[in-house]
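Take a look at this one chain, the form predicted alone, written out in structure tokens.
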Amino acid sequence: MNETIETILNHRSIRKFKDTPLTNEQINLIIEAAQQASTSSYMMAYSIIGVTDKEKKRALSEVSGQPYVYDNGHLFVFCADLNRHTIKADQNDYEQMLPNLENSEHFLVSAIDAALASQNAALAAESLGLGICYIGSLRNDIEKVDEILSLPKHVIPLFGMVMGVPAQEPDKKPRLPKKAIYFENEYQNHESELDEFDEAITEYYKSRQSNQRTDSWTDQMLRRFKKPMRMDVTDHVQRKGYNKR
């Protein structure tokens, strides 16, 4: 097993960091790694915003509800970005481009491009001994995040990523078994594998070092999907010119 695979397999989310800002050299290297991610049709349909302004960072932490969005070595926000593709367009060009800018295909392309870049950034950071945590909770108030970051038309905030020198070493959280996520040739029933995983994750929650509880994975998912969540995101995405067709 090589160091890259070891880094990947050792991943865990870090939510407590030492008071050590990332250096410019680290930030530049992480962004360079992010930019080397695969991108659909060379579109590079994403932007990354590094938030260093303390008031903006505090406001984003309030949206998230998580203190580590403020207390970290650096905060990145990954955005879907089709704005730059229109910058050189005149009005006639823009009107011809609009069906593509607004369709579901290019919404997916821009979100996937951003996700690929972010995972490269995460792996680069972890290879440098840093810890990371993805922050989907910035979508708790996506309009507010849009306002804080002054995002133009065709740019939407997808998620954040906090990064820094770890001040904790949490247990590694189990993942679904291979048979529950990898199928040959066609989708297959995997209920029995979920039952086995529920047993494993229940034992994990009971025995981990902190936040012990009795729970299972399927129970978590049932609770999550029965409760309406971030229902304003669709309207915001469409107002910004995405996923309208």
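All of these numbers come straight from a predicted model, not from anything done at the bench. Residue indices: 1-based, along the sequence shown.
Same protein, other form: the form predicted together with a small molecule, not shown, and the subject of what follows.
A.B. asks: Heavy atoms within 4.5 Å of the small molecule in the predicted bound form: which of the stretches 170-178, 142-150, 94-102, 79-87 has them?
C.D. replies: Result for this chain: 170-178.
A.B. asks: Applying a 4.5 Å heavy atom distance criterion, does residue 137 contact the small molecule in the predicted bound form?
C.D. replies: Yes, contact at 4.5 Å.
A.B. asks: Answer yes if any heavy atom of residue 66 is within 4.5 Å of a heavy atom of the small molecule in the predicted bound form; otherwise answer no.
C.D. replies: Residue 66 belongs to the contact set for the small molecule.
A.B. asks: Using a 4.5 angstroms cut-off on non-hydrogen atoms, would residue 15 count as touching the small molecule in the predicted bound form?
C.D. replies: Flag for residue 15 set to yes.
A.B. asks: Quick one: is residue 111 in contact with the small molecule in the predicted bound form, heavy atoms, 4.5 Å cut-off?
C.D. replies: Residue 111: no contact with the small molecule in the predicted bound form.
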